[in-house]
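Quick setup: one chain, the form predicted alone, written in structure tokens, and binding and motion questions come after.
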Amino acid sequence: MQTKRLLKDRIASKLMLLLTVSSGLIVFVMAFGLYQRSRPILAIKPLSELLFSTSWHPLRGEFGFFPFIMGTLWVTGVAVAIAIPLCLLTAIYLSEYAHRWVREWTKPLIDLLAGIPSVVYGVWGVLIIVPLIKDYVAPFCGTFSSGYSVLAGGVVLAIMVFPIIIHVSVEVFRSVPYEVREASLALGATKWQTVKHVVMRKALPGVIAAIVLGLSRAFGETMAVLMVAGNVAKVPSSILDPAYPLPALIANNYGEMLSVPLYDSALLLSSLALLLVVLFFNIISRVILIRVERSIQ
């Protein structure tokens, strides 16, 4: 009887290990599949030409991803620039200043932001952010804009990454030992001086990890950006210019690719690039969080 129980336990353990390894390998299987489908265009055109050419004319066999890469970087950069100060100040307030009932009421609202479908953010951006930029922001800057721009995409993305950065930052701040705060206050430092010079310094690696996680989330977002960024295959020169990020390129053109030679391969190459970038960001953030946990322990 004892041998049978041990055998069942060993089988269950091996089965769970197999499932865990299989789940982790899915990402690499996806990357390998995308690479295999991208090989036709890589065999014909050098990678440097694909990445740095500004000419996107699939009917003529020209697949320059540079405008889409720059569009992705512009929109993501604006989103992170907007999100970082707002999220950090919110996280500091919730972890250091807010009463318990404020935290309890605020957390479900932040979770609600994370659960809203991206298409809802896109519709909200079209109805609110785009007209605001067209009628007020662009005239204030002395220029014209249709409203569908890098700024519109950045604002929508910033709101979408709020929950990730805030939640991780709050947990990192709360993991800082309370004795460190007491020591700073005992030396005569004010509450803000303690937060700024002690808590922030101790939690800085974890905050960086939170920002990197938010960056990876923003980098791969599709629907909301597609609806408000303008989708013009041109390198933006300002935040009021339209942009065409890589995820929007894939979503807009995937259904039309079968009739154009190499279109399939080009779009799947862009998908592979997105996958690798997001994977890289997640690995970096995870490494930083592990180091934070070890330093605190």
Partner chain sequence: MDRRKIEENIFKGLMNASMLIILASLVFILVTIIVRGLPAMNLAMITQTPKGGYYLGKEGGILNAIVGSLYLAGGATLLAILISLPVVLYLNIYSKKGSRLVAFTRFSFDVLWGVPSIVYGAFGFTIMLFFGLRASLLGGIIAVALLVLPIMSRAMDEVIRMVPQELLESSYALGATRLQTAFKVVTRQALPGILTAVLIAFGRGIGDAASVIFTAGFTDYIPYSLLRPAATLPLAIFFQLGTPFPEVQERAYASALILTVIILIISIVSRILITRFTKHIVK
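Residue numbers count along the first chain shown, from 1. This is a predicted model, so every value here is computed, not measured.
What follows is about the form predicted in complex with the partner chain, which we do not show.
Trainee: Check for me whether the partner chain, as it appears in the model of the complex, comes within 4.5 angstroms of all of T54, G147 and I211 - heavy atoms only.
Mentor: None of them does, since no heavy atom lies within 4.5 Å of the partner.
Trainee: Can you tell me which of 125 to 133, 72 to 80, 198 to 206, 138 to 146 lies within 4.5 Å of the partner chain in the model of the complex, counting heavy atoms only?
Mentor: Within 4.5 Å of the partner lies stretch 125 to 133.
Trainee: If we define contact as a non-hydrogen atom of the residue within 4.5 angstroms of the partner, is V180 a contact of the partner chain in the model of the complex?
Mentor: The answer is no: V180 has no heavy atom within 4.5 Å of the partner chain.
Trainee: Is there a heavy atom of Y254 no more than 4.5 Å from a heavy atom of the partner chain in the model of the complex?
Mentor: Judged by the heavy-atom cut-off of 4.5 Å, Y254 is in contact with the partner chain in the model of the complex.
Trainee: Applying a 4.5 Å heavy atom distance criterion, does K234 contact the partner chain in the model of the complex?
Mentor: Answer no; every heavy atom of K234 is more than 4.5 Å from the partner chain in the model of the complex.
Trainee: Quick check on R37: any heavy atom within 4.5 Å of the partner chain in the model of the complex?
Mentor: Taking the distances in the model of the complex, the answer for R37 is yes, it comes within 4.5 Å of the partner chain.
Trainee: Looking at the partner chain in the model of the complex, which residues in 266 to 285 have at least one heavy atom within 4.5 Å of it?
Mentor: Read in sequence order, the residues that approach the partner chain (within 4.5 Å, in the model of the complex) are L268, S271, L274, L275, V278, L279, N282, I283.
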